[in-house]
Structure formats: structure tokens, C-alpha cells
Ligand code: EAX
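Encoded as C-alpha cells, the following chain is the form predicted alone, with no partner shown.
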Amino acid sequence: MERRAMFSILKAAAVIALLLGTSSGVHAGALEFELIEAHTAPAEHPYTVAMEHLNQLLGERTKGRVAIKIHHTRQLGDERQVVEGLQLGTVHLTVTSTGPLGGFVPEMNVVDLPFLFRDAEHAYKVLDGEIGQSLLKKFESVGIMGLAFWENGFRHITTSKKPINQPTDMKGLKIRVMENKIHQAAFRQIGADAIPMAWGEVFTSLQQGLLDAQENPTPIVYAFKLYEVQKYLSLTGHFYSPAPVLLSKRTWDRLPADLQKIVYDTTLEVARFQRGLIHKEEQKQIAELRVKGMVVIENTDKAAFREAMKPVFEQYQAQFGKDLVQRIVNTR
């Protein structure tokens, strides 16, 4: 009888744990919320390293009540699938590019205007300030909580056939771009054949010659070994690539207020750590890419690229509102 009663108690506890999204066996049974996290970058990328750091800090600050189960390298799908998972509650947490986010919050794509940010410090002041926080707030209406802006850095062009110095060098090249209308328009403006494609298909498409080029920050070029299928890296810095950290609103609403504050504050704090990783590694990675055979073009004509993409900037400035865009540009 006692054994049967004990079994009933354990069974009830397991059901409650399942309903609450908890997990035993982590943090010596103290775990209350295990956050299922997913992103597309590999294990060595600053996304993953920073997420591991966030997990460690949350474990310490919540005394083991919160932990993150990290899934990197597209283990749970591409970025759009993961963001949709946040809405459904099947994924709890992600760090993502802005590529798919315009389909959820159109205003988010304002940060994708070509040459919008002067440098990284300018981007941080905008994104960590009132403008950036207002953009993150808009995700609540689609069942997602915006926590903070991490980053992937400034985006550059890699090619297989020739180096890129001027925008005219892009004419006729098939380049993979994110599922982002502004990115597509900017490259079509300079004569490239801009092809939106999920990241999981890119390496093979470059390898088979279906694509001539792609554009991404240096950490992606390095981490995904694009030097195996691309010869040239041209440091154009045409777009800045913020990386919003997003949490399922269903998950957020289940967290008690004290844990909400710790999760929010700690994710924001880790932004500084994550950005530091990007900057620390970039020059080292460029040097290593050279060793691995890539030709790095540092003196690209950024002024010419800026001027050539200006019509796209002006077109989308009207869509997002000139006042907002000018507030971003004028931030000091």
C-alpha cells in the first residue's frame, strides 16, 4: 500500500513537472525551468559561447532554478522555424539574425538599412537605448519577448571568382542573401542577382557553383569554413547585423517576477560579453582566413558602395519613417 501510494505521488509530481516545463536531474533537483534554446551558428561561434555564459550566470543567480538547454548548428531548424517555435512555445529562447524577423515585426528591418550605422558604438547606443528597446517591445504583440540585442558584426562579401573592390564588381554575380527585402533590394541595386536562401543550403550551393558569393560577418565565414568554397573576402561592412535575443512569451508568462527580472537583466548584461567576443575574434579570424588561403581585400571603396545603395536607403527610409531613421543617424 505504501509503495502504491509512493508511486502515485511520484507520478503526480512527474505530471506537474511536465506541465510546468521543469526537469529533474539538473542542478541536483533544484531546477524549476529548463529553457529550450536554439540557434543556427555552430558550437564555437560567439552566439553559443555567450549562451553558455548566460546559462552559467542564470544558474548561479537563480540558485539553480533556471537552466538553458542549448541547441546550436540548426539542430532545431532554421531561424524562421525557431522563431515560429517561440510563438508556439516549442522553443523557449533564441538568438537570431534579423533576417526572418521582418515577417513578424516589420519595423525591425529598419536596422538593416545599408550603411545605417557609422560603427559598432553607434549601433550600441541606438539598440541599447530608447529606439532599440521600442523595437524589441513590438514583439510582444506576436507572442515573443525581446530581451536584448547581441550582435554578429558588420557584414562583408565573399566570392569565388573575383575580388570585390567597387559596387560595379558585383554585376551579374549570384549572391546568397538573407530572407530580407532590404538586403535583396540593396544587392539588386548594384547589379547582383540576389537570391534569398535558408542558411542550411548555402555551403553546398557555393560548393556546386550554384552561387558565386554570399555576405556575412567574419565569425560566420570562419565558423562555417567558407574558405573551403570561397576565395575572396572583401571587407565592405555594408550592413550591421544585430542579433536579438528573444524569449517565448508563453515561457515568460510562466516565470515568476523574480526570475523574469534575473533573466532579463542577465541577458542584457551578457550583451557586453558577447559583443566583446565578436570584436576580440574578428582580427584573429581574418588573419587565420588568410593562412587558410583566402585573399582579404581591406581597402574596398565603402563610399562608392554607400552611394550606390543610397536609392534603397531612401526607399525604405520612407517606409519606416524619415523621422525614425534620422533619429538613428543623429544618435551620438
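In case it trips you up, residue 1 is the first one in the sequence shown, and so on. All of these numbers come straight from a predicted model, not from anything done at the bench.
The same protein also exists as the form predicted together with the ligand; that form is not shown, yet it is the one meant from here on.
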| message | When the contact criterion is heavy atoms within 4.5 Å, does I190 count as touching the ligand in the model of the complex? | response | no
Does any part of Q230 reach within 4.5 Å of the ligand in the model of the complex? Heavy atoms only, please.
no
In the model of the complex, is there a heavy atom of the ligand that lies within 4.5 Å of any heavy atom of S234, even though the partner is absent here? no
Taking heavy atoms and a 4.5 Å cut-off, does L255 contact the ligand in the model of the complex? no
Among 108-116, 129-137, 214-222, 142-150, the stretch whose residues bring a heavy atom within 4.5 Å of the ligand in the model of the complex is 214-222
As a check of understanding, the residue in A186, V245, M178, L101 with any heavy atom within 4.5 Å of the ligand in the model of the complex should be identified as M178
Residues in 46-69 that come within 4.5 Å of the ligand in the model of the complex by at least one heavy atom, in order, are Y47
